[in-house]
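A single chain, nothing else alongside it, follows as C-alpha cells in the form predicted on its own.
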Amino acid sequence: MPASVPRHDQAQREAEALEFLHLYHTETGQPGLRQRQADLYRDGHLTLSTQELTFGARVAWRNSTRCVGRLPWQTLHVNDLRHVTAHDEVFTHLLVHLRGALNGGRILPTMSVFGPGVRIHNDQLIRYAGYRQPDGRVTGDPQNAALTDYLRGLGWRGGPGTPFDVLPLAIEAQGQVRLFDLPADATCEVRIEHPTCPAIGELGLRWHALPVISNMTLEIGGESFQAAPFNGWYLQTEIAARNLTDEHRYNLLPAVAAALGLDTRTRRSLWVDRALLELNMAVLHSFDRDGIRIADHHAVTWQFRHFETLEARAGRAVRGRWSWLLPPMAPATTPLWDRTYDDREVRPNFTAQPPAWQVARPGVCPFHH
C-alpha cells in the first residue's frame, strides 16, 4: 500500500474496485474476473484496461442522476488518452474531440480521458466571456464573469467585447497552466432566427452547437480522472429557457418580447410565457436549419421513460433528481411530472470540481506567452 494513501481511503478504493470488477464482468460476460481481482490485490489499485474504462464511462453516464438524456448511454465513444499529459498534445486532442463529436451536425456522444496531472479549468470547452463593466453590468454571459476574470489574470487580453466572445481554454499539465484559443471551426455556432419573426433574428443571438462538460472528475473503480471532458447534445430548453433567458444570464426575454411586439406592462398578459415559447421555437428552428442535432423537452422526457423501461428489464433501478429531470418549460405536460426517483449517487459517476480560482494549488503556476 502506498505510504501516501491513508489506510481507510485505500480500503475504500479497493472496495470500489472490487465492486466495479464484479459489475463489469457480470454485465459484459467477459472472463477473467479472478485474475483482475488478483491484479488488484497485488498492486493495491486498479489499472483499467481500455475496455474497462469505456464501460465505466458509459455506466457513469447511466448513473448520472441529473441527466434526462441517458437513453443512448451505450453509444458513448471513449478516447483513451491516459498517455497524453503535455499541454500541446492535450489541446490537439481536444480539437479532435470537438470536430469529431460534432460529426457534421450528427453529434456523437464522446468522452476524452487524459492522463495524470491534466485538468481543464473551464467548466465547458466552449464558453462565452462575461466582461464586467464599471457600472456593474456584464457584457456577455454573467455566469462566466469569474472565469473571464481568472483567464485575464492568466494573461488573456480579452476578445472583441461582443456578447458572444469564445473564451480560451486554460489547460493545466505538468505543473503549469497554459491558455489556448479555440479556432472558429472547432466551436460551430448557430445563428438564432425565428421561422416567422425576422425581428428575433435581428437581435444577433447565437449559441454554440456542442456542450462539452469539462469540470467533472470521472470516478471508476476507485480511480479518479480529473480531465475527462464529455458531450451529448443540447436540449433546446437549456439554451432558450435558461442560458439566454435567466435573469442572471443573458436575460433576453424583454428583448424577445419587444421583437414580437408584446405588451410587457404587466406579466398578466403572459408576455414572459409567449416570449419564452417563441425563443424555444427559434432555437429549434435554427439548429434544424443548420442540420445540428438537438433534443426537445417532449421527446427527451418520453425517451427517458423508455430508458426506465429498458433498465427495469435489465434489473437495474433508475436513480434521478426530479428537479433536474423536469424541463424548465411546460414540465407538467411531460411524462415525468408525477414520477418519483431515488436520488442517491452510485459509482461509476462524475463529481464536480471546484473552480480553479477558488482552490489553492501549490506548485501550479501560469505559463505566460
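Not measured: the values here are computed from a predicted model. A residue's number is simply how far along the shown sequence it sits, counting from 1.
From this point on, the text means the form predicted together with protoporphyrin IX containing FE (HEM), which you will not see here.
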Protoporphyrin IX containing FE (HEM) in the predicted complex: contacting segment from 27-35, 58-66, 43-51, 306-314, heavy atom within 4.5 Å: 58-66
Interface residue in the predicted complex among L154, A241, L147, L76, criterion: non-hydrogen atom within 4.5 angstroms of protoporphyrin IX containing FE (HEM): L76
Proximity to protoporphyrin IX containing FE (HEM) in the predicted complex, single hit among P109, P168, G222, G140 (heavy atom within 4.5 Å): P109
Heavy atom of G130 within 4.5 Å of protoporphyrin IX containing FE (HEM) in the predicted complex: no
Protoporphyrin IX containing FE (HEM) contact in the predicted complex: T245, any heavy atom under 4.5 Å: no
F287: touches protoporphyrin IX containing FE (HEM) in the predicted complex, heavy atom cutoff 4.5 angstroms: no
Interface membership of A199, protoporphyrin IX containing FE (HEM) in the predicted complex, 4.5 Å heavy atom rule: no
Partner contacts for 310-337, taking protoporphyrin IX containing FE (HEM) in the predicted complex and a 4.5 Å heavy atom cut-off: W324
